[in-house]
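Just one chain follows, in the form predicted alone, and it is written as C-alpha cells.
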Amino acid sequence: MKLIGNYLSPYVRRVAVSLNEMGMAFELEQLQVFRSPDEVRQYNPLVRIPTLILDNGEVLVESYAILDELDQMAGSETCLTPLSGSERRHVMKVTAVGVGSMEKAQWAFYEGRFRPEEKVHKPWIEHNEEQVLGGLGYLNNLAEKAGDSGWLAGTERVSQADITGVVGYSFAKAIRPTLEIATRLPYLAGFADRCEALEIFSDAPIPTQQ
C-alpha cells in the first residue's frame, strides 16, 4: 500500500500509526498539499491528504473512511474500533473528540498563517483554542483514569481512541505552543509520552519543523 501525505498532518499520521499497529506494510509518499497540489490531485480530486492506494490500485480518501476500511480488512481480532456494541460507541466518541481537537487546532493555526495580519480575527482563534482545550481536557480526564497502563476508552488494548487522541495532542502541542497544554493537561501529557515511545508512533514521527 502507498500512503500519500506527510506526518505533520494529524490525519495522515493517525492512518500511518494505525497501519503500524495492525501490521499492514505501506510506503509513504511525502507530499504537501500547498507545495505539490498537482501531484496530490492525480490521486485525489479534492487535493486532500491522506490518500491511501491499496495493493490492487484502488484509492481511498479521507482518514475516517480509510480507517473504517482498514478495520474491515483487519477483522475483529486486530481492528482498532470495535465492530459493535457499547464499546464501539465509546471508542468512536473518544476518537471523535480527538479528531475535533486536532481540527480546531488546525483552524486556529490557519487563521494566522493564511490571512494577512490586518485580517486575522483573534476572537475566532481564541474560540477554536477554547475548543481544543475542551476536547483535550476531556481526554486528560480519561488519561487520569487510565493510569500508567490503561487506555483512554477503557479497552484491553490500544484502540483508535488512543491513536487519534495522542496524535491530536501532539499536533496541538506542536502548532499551538502558547496553549501550554503539557502543563495544563499533565495526565494526557504523560499518556502521550508513553504512547509516543511505542514503535507504532515513533516509526511515524511528527516533524520538528513546520
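Position 1 is the first residue in the sequence shown; the rest follow in order. Remember, it's a predicted structure, so these values are computed and weren't measured experimentally.
Separately, the form predicted together with a small molecule exists; it is not shown, and the next lines address it.
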Problem set entry | Partner proximity in the model of the complex: Ser63 to the small molecule, non-hydrogen atom cutoff 4.5 Å | yes
Exercise. In the model of the complex, does Arg184 have a heavy atom within 4.5 Å of the small molecule?
Worked result: no
Exercise. Just to confirm, Ser9 within 4.5 Å of the small molecule in the model of the complex by heavy atoms?
Worked result: yes
Exercise. Hey, in the model of the complex, is Ala174 touching the small molecule, heavy atoms inside 4.5 Å?
Worked result: no
Seminar exercise, completed: Only one of 150-158, 49-57, 175-183, 137-145 sits within 4.5 Å of the small molecule in the model of the complex by heavy atom distance, namely 49-57
